[in-house]
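Shown here is one chain on its own, the form predicted on its own, set out as structure tokens.
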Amino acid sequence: MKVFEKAPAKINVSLDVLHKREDGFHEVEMVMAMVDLADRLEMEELPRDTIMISSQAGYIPLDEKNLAFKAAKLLKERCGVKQGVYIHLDKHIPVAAGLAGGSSDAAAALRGLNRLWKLDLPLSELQELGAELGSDVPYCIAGGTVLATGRGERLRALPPMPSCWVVIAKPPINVSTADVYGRLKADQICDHPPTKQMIDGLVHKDWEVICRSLGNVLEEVTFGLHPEVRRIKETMLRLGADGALMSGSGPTVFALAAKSSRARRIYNGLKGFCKEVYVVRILT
């Protein structure tokens, strides 16, 4: 038996850090949505009790460092599964990009293996397991447009993002999320994103308000480390983006465009100096 799962990338249309918690994590307030740039997982039962992963991408680990592998191992241990599994990961989301590619792979593995092994675990239980793997995994299990609080694991569904085009550009650098958060001085943040305004824009489907409310307090940290990330954002706005923002801790930047012609112009303008550029739709 085989099952297939899609693992879409996420973008942060708003990312705020409220304070650093006593447990060392940061208290966040984020509005997240998914885009139609996705990895694909194929999962097949193995007769022996082992986990095997393969991928066409030569730049990702295929052992216990892989989040999909960790998800399979966690599910096997918690549910007492003695069945083995072979997972093929068809990778399309850039790695270390602020798009939650690894988290989405782990979420897809949990969803798919729940079906393959006929465990019938409810979504809430899969999300509890996912929280042990990473802060973004519970969101990636359910998807949609959500407000995430806590360290990202507490989720509240929001009205979906309006249908639009998203131009995604990742420069040829990798950014450590831990390093960016480590450099952030949470108690010195003066310009917090207008999260409530963003939610109001979603509720009233007001495109202009949504684009005006884009904000990410991690931008200045990453911009300081990698000035080229700022230049990508400025280029997107100069080329006519309705709004542009760095996703997560970066280095990926995305542009929102209501019209396909404008998205194509942004894409063409970026291809000259940024190899990884994609034009995709928001998942509503």
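Position 1 is the first residue in the sequence shown; the rest follow in order. None of these values were measured; they are calculated from a predicted model.
A second form of this protein, the form predicted in complex with adenosine-5'-triphosphate (ATP), is not displayed here; the remarks below concern that form.
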{"query": "Interface segment, criterion being heavy atoms within 4.5 Å of adenosine-5'-triphosphate (ATP) in the predicted complex, picked from 151 to 159, 206 to 214, 86 to 94, 114 to 122", "finding": "86 to 94"}
{"query": "Contact flag, residue 102 vs adenosine-5'-triphosphate (ATP) in the predicted complex, heavy atom cut 4.5 Å", "finding": "yes"}
{"query": "Exercise: residue 61 in contact with adenosine-5'-triphosphate (ATP) in the predicted complex, heavy atom 4.5 Å", "finding": "yes"}
{"query": "adenosine-5'-triphosphate (ATP) contact at residue 65 in the predicted complex, heavy atom, 4.5 Å", "finding": "yes"}
{"query": "4.5 Å heavy atom contact, residue 130 and adenosine-5'-triphosphate (ATP) in the predicted complex", "finding": "no"}
{"query": "Contact assignment for adenosine-5'-triphosphate (ATP) in the predicted complex, among 138, 98, 193, 201, heavy atom within 4.5 Å", "finding": "98"}
